[in-house]
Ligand SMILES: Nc1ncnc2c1ncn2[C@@H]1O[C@H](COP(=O)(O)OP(=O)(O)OP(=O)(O)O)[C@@H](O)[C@H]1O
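Just the one chain here, laid out as structure tokens, in the form predicted alone.
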């Protein structure tokens, strides 16, 4: 049989370095984020003089450079501390993966004692190990990306911020990154009172900025002449419509390149248009796979009602079906009963709707004239069949 691996390795490709086009690639320069880098550096800089930095929270929509800026600054901090032998340490954790106080404390304890096994030990023991490590005179910076995903966030924030009261020599500072500018409102007053934080909000990129960012990446990612200026401009325009999301723009460019590469031709605007639907479908599946259980059930109920039709009078928006929040809640309760799980209260249901709206899986508007009362109308943002299939696959 023909060795397909050898054939794949030896075939020509339009890519020079496809890794450069990944949303996870961290370039040496971050265009249009110089001001944000400077601000973060100023907040973190006291650590190099053995002083405790302020806690820092960064907000902004997906793909506006929050994580890239923080990682860039932490790399520079690491280089500088080695040069000046400063007693500084740091850790970056993504809270989609480490989404409990215990999991975060476990990673911190493992940083303190890399060769020790902490299997089965209590969170108190993990906390004490970490504090003991910092108390050697370190300034330790804990970066928590998507911090709002931590289930017992109150306890974690309180533990990390109040730890400074237990330290004689060292200091702990917290850097939180979140898409939700109001996530702290859900914190217990006890936790909020200990934060004493600086805050920054990242503005979305505009089409011109996105076009320049993509052009820089395309120079390194594609072989010369294998992507058109029109393709770059269209990917930037699509991403500008999606809240200035640079990650989305890069995914469009990479997917367009993959389609073009399969045909051994240059990436053009047509391939970007083709990439758009494929990328959006990938994003939906990724989002659904990360949803908590009850948010998934709410989304499935909305998809169900959208597909099957409302028992109330039909409401549409440009031909697309709208749902009353009340009937969506009834659908959610019915599914919970069917799937043998306890339905949450109407207050929690409203929170789940807000989360789904913020992620772009649904859109909500207030009812207008002609409808008795004041209720929220819900519209599913993606085809109901695809949404249902993704949820069913997750719970299969």
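Just so you know, these numbers come straight off a predicted model, no measurement behind them. Numbering follows the first chain given and starts at 1.
The following text describes the form predicted in complex with this ligand, which does not appear among the structures shown.
field: Answer range among 44-52, 61-69, 323-331, 336-344 for contact with this ligand, defined in the model of the complex as heavy atoms within 4.5 Å
entry: Heavy atoms within 4.5 Å of this ligand in the model of the complex occur in 61-69.
Select from the listed residues 213, 77, 195, 288 the one whose heavy atoms reach within 4.5 Å of this ligand in the model of the complex. Going through each option in turn, the one that passes is 213.
So this ligand isn't shown here. In the model of the complex, which residue out of 147, 157, 272, 246 has a non-hydrogen atom within 4.5 Å of it?
By the 4.5 Å criterion, the partner-contacting residue is 246.
Applying a 4.5 Å heavy atom distance criterion, does residue 129 contact this ligand in the model of the complex?
Output for residue 129 is no: heavy atoms all beyond 4.5 Å of this ligand.
Residue 179 near this ligand in the model of the complex, any heavy atom under 4.5 Å? Contact with this ligand, yes.
Practice prompt. With heavy atoms only and a cut-off of 4.5 Å, decide whether residue 250 touches this ligand in the model of the complex.
Written response: Because a heavy atom of residue 250 falls inside 4.5 Å of this ligand in the model of the complex, the answer is yes.
message: I'd like to check something about residue 30: if you look in the model of the complex, is any of its heavy atoms closer than or equal to 4.5 Å to a heavy atom of this ligand?
response: Residue 30 belongs to the contact set for this ligand.
Exercise. Check each residue of 192-223 against this ligand in the model of the complex and list those with a heavy atom within 4.5 Å, in sequence order.
Key: If the 4.5 Å heavy-atom criterion is applied to this ligand in the model of the complex, 192-223 yields 205, 213, 217.
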